[in-house]
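For this one, two forms of the same chain are given in C-alpha cells, first as structure 1 and then as structure 2.
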Structure 1
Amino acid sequence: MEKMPKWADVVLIPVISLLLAGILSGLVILAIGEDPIKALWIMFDGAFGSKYNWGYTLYYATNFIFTGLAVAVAFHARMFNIGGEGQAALGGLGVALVCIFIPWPHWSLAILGAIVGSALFGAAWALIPAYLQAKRGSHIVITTIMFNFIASALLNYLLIGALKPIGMMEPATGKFPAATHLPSFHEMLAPLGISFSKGAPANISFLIAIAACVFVWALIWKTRLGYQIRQFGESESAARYAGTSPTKIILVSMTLSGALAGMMALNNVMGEAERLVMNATEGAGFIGIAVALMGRSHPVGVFLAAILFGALYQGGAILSQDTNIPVQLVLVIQALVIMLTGALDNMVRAPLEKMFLAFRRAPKPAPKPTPAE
C-alpha cells in the first residue's frame, strides 16, 4: 500500500519544498537589508516579463530537459548518473566534428547529423562507466564523477590543439558553417506572423527536447525494455528471477542516459554559440540531477522542473543586475531550491506520509441506528 496518494508525491511535495525555499530565500534577502517581495518580483519579471526574457528562460530550460531526462532514465534503473556534465561536453565534441568536417547543404540535414553525433559521443562516454559497473563492480557514482574531469581535460587538449584555428588565442573551435546554424524562435515564428525577440537564444532544439520527453515516456512506460528497466530498479533479484540480464539493463540504461545528456549540445553548442568552447555545459549536467529529483523522474515532471530552473537562472541573472543583491546570493537562492527539492526531500515527505497514514487509520464513525417504525 502506498504511503500517500500519487498526486501528493508529484505535486504537493515539490510545491511545499518550493514554498520553504522561497521563505528561506526571503529571510536571507531580508537579512542583507533588501525587500524580499521586490526581489521575488524582479526574478519573476526577469524570467517571464518579456519575450526576450522568455527566450533565455527556454534556452536554459532546454539544457536542463536533456540532462534531467538523462538522470531520470538512469534513476529508473536505480543508478545515479553524475556524469551528465562530461557526457554533455563530449556530446558537444560530437556536434563540432559533425558540423565542421561534413559539408551540410542545409540546417535540416545538419541537425540530423548533429543528433547522431551528440548522442553517440555522449553514449560512448557513459558506456565506459556502465561497463565497469556491470563487469567489474566499480561504483557508477565514482566513475561518472571522475569521467567528468577526464572529459574536461580531453576537451581542453583538443581545443588548444587540433580543433583550434591557426592564429586564434581562445581555446575554442572556429564558427560553424552558416548552413549548420539552427533557426531561433524569432526565425521560426516570423513566417507565422508571430513576433519574438531577435536576440534571444531559444532555438529549435527546444522542440527536440520536447520530443525527447515523449520518447522517454514511451520507452519507460510503453515498451518491454522500459518495463525491464523499472523492474531492475525496483528489485534486482526479481529481475534476475524473471530472466532479465542485469548487465544488459545497466549498459542499455546508461547508454541511453549518456545519449540524452550528449544531445544537450544541440542547444548550447550548435544552437547558441555555433562553435565549441571550454565549459560550454556551465553546470547543466549537475542541475539535471535536481531537475530529475524534483520531476520525480517522469518526463512531464522533468519538463516542468526544467522550466522552473530555467526561470531561476534567468531571473537570478536579472536580479543581480537590477539590485544590490550580489550574484553569490542568487546562487544561494538556487542552491536552497536544489537542496530542499533534492537532498532534503525526506524532510517534507516523512511528515506528509505520516499525515496521510493517520487519515487512513482514523476510525470511521459508527452508523447511526435507524429508529424503529
Structure 2
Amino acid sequence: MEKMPKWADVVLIPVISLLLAGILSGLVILAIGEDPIKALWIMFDGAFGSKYNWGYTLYYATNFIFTGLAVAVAFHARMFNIGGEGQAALGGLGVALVCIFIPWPHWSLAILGAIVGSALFGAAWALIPAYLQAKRGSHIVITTIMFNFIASALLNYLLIGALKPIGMMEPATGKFPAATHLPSFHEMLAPLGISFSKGAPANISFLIAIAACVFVWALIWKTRLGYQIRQFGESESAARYAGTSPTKIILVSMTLSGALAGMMALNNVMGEAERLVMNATEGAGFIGIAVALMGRSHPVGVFLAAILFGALYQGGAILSQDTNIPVQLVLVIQALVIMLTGALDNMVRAPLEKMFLAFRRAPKPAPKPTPAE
C-alpha cells in the first residue's frame, strides 16, 4: 500500500521543503541584520515586476531547464551527474566552433548546427566518465567532478590561446557573425503585436528548452529505452535479469544527460553573450542538481523548479543591488533546497507519511480490502 497519496509526494513534499528553506533563509537574512519580508518583496518584484525582469528570469530559467533535465535523466538511471557544469562549458565550446567556423546564411540553420555542436560536445564530455563507470567501475560522481575542473582548464587554455582573436586583451572568442543572432523575445513577439523588453536576454532557446522537456518526458515514459532506463534505476539486478545491458543504459543515459547540459550553451553563449567568455556557465550546471531534486526528476517539475530558480537568481541580483545582502544569499537558498529535497528528504517525508497513515486509519477502522499488489 502507498504510504501517502501521489499528490502529497509530488506537490506537498517539495512545497514543504521549499517553505522550510524559505524560513531558514529568512532567519539567515535576519541574522545579518536585514528585513526578510522586505527582502522577499524586493526579490519577487525584481524577478517578476516588469517585462524586463521577466526577460531575465526566463533567461536564467532556460539555462536551468537544460541543466535540470540533464541531472534528471541521469537520476532516472540512478546516476548522479554532477558534471553538468563541465558539460555545459564544453557545449559552449561546441556552439562557438559551429558559429565561428561555419558561414551560416540564417539563424534558423545556425541554431540547428549549434544544437548538434553543443549536444555533441556536452555528450562527449559525459561519455568518458560514463565509460569509466560502466567498464571500469570508477565512481561517476568523482570522475564528473574531475571533468568539471578539466573542462574549465581546457576552456581557459583555449580562450587565452587558440580561440582568442589576435590583438584582443580579454580572454574570449570574437563576436559571432550577425547571421547567428538568435531572435530575442522582443524580436519574436513584436510581429504578433506584443511588446517585450528590448534589453532582456530571454530568447528563442527558451522554446527549445520546452521542446527538450517534452522530448525527455516522451523518452522516459513512452519509449522502450526510457523504460529500460527507469528499470535500471529502480533495480540493476532486475534490469540485468530482463536482459537490459547495464553498460548500454549507463552510456546512453549519461550521453543524453551530457547532451542536454551542453545544449544550455544555446541560451547563454549563442543567445545572450554571442561569443564564448571565461566561466560562461556561472554555476548553472550545479543549479541543475537543485532543480532536478526539487522537480522530482519529472520534466514538468523541472520546468517549474527552473522558473523558480530563475526568479531566485534574478531576484537575488536585484536584491544585492538594492540592499546590503550579497548575491551569495541565492547560494544559501540553493544549498538549503538541495539539502531539504535531496539529502534530508526522509526528515520531511517521515512525519508526513505518519500523518497520512493516521488520517487514513482514523475515519474507517476496517479499510476496504484492496487487491494484492
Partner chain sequence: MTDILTLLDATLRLSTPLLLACLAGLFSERAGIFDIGLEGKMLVAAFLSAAFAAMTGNVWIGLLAGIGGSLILSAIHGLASITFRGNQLISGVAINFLASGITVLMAQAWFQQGGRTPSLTGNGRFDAITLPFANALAGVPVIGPIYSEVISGQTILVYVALAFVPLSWWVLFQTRFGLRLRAVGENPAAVDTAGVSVVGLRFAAVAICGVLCGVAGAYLSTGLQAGFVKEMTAGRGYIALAALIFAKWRPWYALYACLLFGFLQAFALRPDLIERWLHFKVQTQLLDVMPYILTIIILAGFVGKAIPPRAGGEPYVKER
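Counting starts at 1 with the first residue of structure 1 and goes up one by one along its sequence. Rigid core: the largest C-alpha set superposing within 1.5 Å between the two forms. Everything quoted here is computed from the prediction, not taken from an experiment.
Here the form predicted alone appears as structure 1, and structure 2 shows the other form of the same chain.
L329 is among the residues whose C-alpha shifts by 2 Å or more between structures 1 and 2 once the rigid core is aligned.
Once the cores line up, the CA of L58 ends up less than 2 angstroms apart between structures 1 and 2. The two forms, fitted on the rigid core, differ between structures 1 and 2 by 2 Å or more at the CA of E34.
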